[in-house]
Each structure stands twice: as C-alpha cells, then as structure tokens.
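Shown here is one chain on its own, the form predicted on its own, set out as structure tokens.
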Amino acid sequence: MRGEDRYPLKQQLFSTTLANGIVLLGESLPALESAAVAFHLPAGAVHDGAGRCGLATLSGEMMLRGAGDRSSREVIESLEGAGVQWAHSVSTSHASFAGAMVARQLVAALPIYADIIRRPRLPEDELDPARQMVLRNLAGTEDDPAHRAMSALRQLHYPAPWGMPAEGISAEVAALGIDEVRDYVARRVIPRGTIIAVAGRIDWPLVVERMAELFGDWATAADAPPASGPRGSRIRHVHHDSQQTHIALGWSAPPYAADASYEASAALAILGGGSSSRLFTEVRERRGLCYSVSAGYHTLRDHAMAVCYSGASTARAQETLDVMLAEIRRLPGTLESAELERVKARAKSALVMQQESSAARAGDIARRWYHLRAMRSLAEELDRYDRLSVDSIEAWLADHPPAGLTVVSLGREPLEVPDDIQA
C-alpha cells in the first residue's frame, strides 16, 4: 500500500520555477488560520571567504537596516504592524528571512520582504551597530563551551569551508568593512538558487502571481560555487580552564539526499536520541558519569556526520569518553526491535505535529527541496519510516560501521583517544 493510501492526510503541495530560477514552493493547510513564508537565499556562510568568517551573518543583519523607502526602524515597524512574527538567520548554505502571520496578511507582507531582499540600503552608518549586534551574539556562543566543542568538531570533520561557523569569528567580524558587505550582497543575494516557500491557509495561484510581480524581473549573474578544501586533524584538545570537560566526536554519514540517511539517523537515535537511548541509559543513568550525553545526525547537501556530545566533570571525562566509544562500537549487530519502534514513534509524532505550524512547514518544505530537489509529502515521509526495520539498519551498519572518528575535547586536560577509532 502506498504512503498516501495508508495516510489519507489533507495536504496539497505545489511548486513552480520563475524564469530567473527562483523556486516557489507551497503547502496548503486549510485547517490553519495562519500562513508563513520563508525566503532561503544562496548567501550562506560557506561563501564568507578566507579571513572574513561572519560576513554572511553581518550582511544579513545589514539587509534589515533599511530597505526600499523604509528606514531600519520602518522595516521592523512595517513587519510588526502587519502582525508578522519575523525571523532572520544564516546557516552554512543560506541566509534566511521568514515570517508567520494571520493568513490574510500574507499578500500584504510580501512587498516588505521584496524590499529587504532586492533593495537593501546597506547604509554605512548602520555598519557599526550591526557589527556590535553580531559580536554580542558571538560573545554569547563563545561563553557556551558545548557550542564551542561542537563548532570545533564541524570545522575539523567537514572539508573547508563547509564546517566554518556561520555566526563568524570575532576578530574577523571586527575587521569587515561596508564595501565587503555591499559586494557580498551584490554577489550572493541572487535569484538563481533562491527558494521561497509558503505554507498554511494560502491561495496558491494568488501567491504565484504576487511573487512573479515582486521577483519575476530580478536578474543577476550567478556566482561561482565555493571550492572544497582539506579537512582538519582527527583529534584536537581545546584548553578551557573549567571543572567540566566537553567531548564532541563524529564520523561521516550519508547526506539527507541519500535514502540510507533514514537508516543512519535511526541508528543514531537508538544510540543517543532521547532519555531512552543507549548513551543516556549507560553513561548518565547507570554509571552517573556525566550530566549531558546525546547522539544525533547533522547534514549538509553533500556531506553529513554522526555526532555525539557529552559534558562531564574533569575527573570523569576520560571514563565518559571510553564508555561512549564502547557504546558506539557495540551498536552494529545488537539493535532491538523495541528500540527501533520507540525511534519510529518519536519521529512520526514529530512529523504529524509539525503540520500544526505553518512556519515549521514552510521551513521544512524549503529544506527538503534544497536537499532533494523535490517535494515529499507527509504520507511519503511516514511510509519511509514504516519501512525501516532492524534488518535494514543492521545491513547498513554492517556496510558502514562507525570509523574515521574525529574527536574534540574542551577542558583543562586532554583525553587519551585510542588509535583504532581513526581507521
């Protein structure tokens, strides 16, 4: 039985592409009273360039500081006056502007976003306040040792520049000038590679008509994709004068576009996803070694990684790492059906509950398009989880056992890492 037959859900998906390459995606959710829009621009941190880490984030902040006929303050007042719950973020791949609102306000809000994206003023007198905003956010992340450990892990494991921190590096953000911001926006905020997703109570033909009016004549040349460089060392210790040691480790996994990513993410959920996982049970509950431990899945378009994290006292950090590695080695050949059923129930529940948020759905269909170049219905997603089995995951683990681990420790003393985990 096909997924849509097994799960007869009320869901309509739409897609079309404007002549300039902008992809428009839509999901009609008539039971909702809200609508959301998400603009994903090909202006992510991977394009920052050497010595300019944080340029994408600073440029995104500057784009909100005056656009079209609106000043910086008027941009925000216009969005909030229309009842828009707006958000802005920069990831490795995209600069994103999003908003959720009462459905009837969607068409009225679109011209504001068109100004932000196509006509940002980028005034020089706003550069320093924008920079201070970015630096304050950076100071917050630099005070978070868990974040620092995970960021270092991504920088080491992924080939450069795919693991660079989207939030930037303080010294490099401090040196950026207005000309670099204006050049970046001109080169990277372009229609080709842009994905616009709308979800909720929408009138799709009207959305397409308004998007074509606002963005259809937008034409710029495409910029070259970033070249991939080497990856970092397998093991790194970052000195941090604290009573705690933070451990981050990872190994390569199939990216989300690969069908086997479902087997990989399910195996990792069994290992460390939630309070019933093996790591939580063995490392935290049974042995009391740490206050936090988890495992999960992180994906870019062409690269992905299994990631594990733990925060432990300095005295117990070595044993914590040793037990984590033992649980990782024990994973192949020992999966139990009850573990998998819990993982499937949790994943399917999250998918269904996501249908109640237009903002979550707009972000999700844009993300899936970026990875898959296609839309996938909720019924298809649920059906794929139904087809997961202990046998399919064990077969994947047999062919792809955890290997080639990268290990980062952040604390007072370095840890001993066995040589065999690097094979």
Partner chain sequence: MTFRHERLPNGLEIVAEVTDDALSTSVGFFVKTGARDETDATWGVSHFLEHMVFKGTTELSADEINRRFDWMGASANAFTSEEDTVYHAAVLPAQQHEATALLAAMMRPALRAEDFATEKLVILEEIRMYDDQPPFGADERCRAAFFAEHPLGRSVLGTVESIESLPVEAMREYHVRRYAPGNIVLAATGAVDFTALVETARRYCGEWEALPPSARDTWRAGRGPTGDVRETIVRPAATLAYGVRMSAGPAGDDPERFAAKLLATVLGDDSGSRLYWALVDPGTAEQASCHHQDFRDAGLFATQLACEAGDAPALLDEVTGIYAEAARSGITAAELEQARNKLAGRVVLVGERPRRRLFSVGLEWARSGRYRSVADDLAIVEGLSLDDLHRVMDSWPLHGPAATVLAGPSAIPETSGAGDPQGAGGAEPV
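These numbers come from a predicted model, not from an experiment. Numbering follows the first chain given and starts at 1.
Not on display, but discussed next: the form predicted in complex with its partner chain.
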{"query": "Residue stretch of 243 to 251, 212 to 220, 110 to 118, 229 to 237 approaching its partner chain in the predicted bound form, non-hydrogen atom distance within 4.5 Å", "finding": "243 to 251"}
{"query": "Exercise: residue 59 in contact with its partner chain in the predicted bound form, heavy atom 4.5 Å", "finding": "no"}
{"query": "Interface membership of residue 312, its partner chain in the predicted bound form, 4.5 Å heavy atom rule", "finding": "yes"}
{"query": "Touches its partner chain in the predicted bound form: residue 86 (any heavy atom, 4.5 Å)", "finding": "yes"}
{"query": "Interface membership of residue 194, its partner chain in the predicted bound form, 4.5 Å heavy atom rule", "finding": "no"}
{"query": "Candidate site 160, 383 and 389: all three near its partner chain in the predicted bound form by heavy atom within 4.5 Å", "finding": "no"}
{"query": "Proximity to its partner chain in the predicted bound form, single hit among 123, 81, 296, 332 (heavy atom within 4.5 Å)", "finding": "81"}
{"query": "The single option of 326, 171, 353, 224 touching its partner chain in the predicted bound form, heavy atom within 4.5 Å", "finding": "353"}
{"query": "Interface residues of 339 to 357 toward its partner chain, as seen in the predicted bound form [heavy atoms, 4.5 Å]", "finding": "342, 345, 346, 348, 349, 352, 353, 355, 356, 357"}
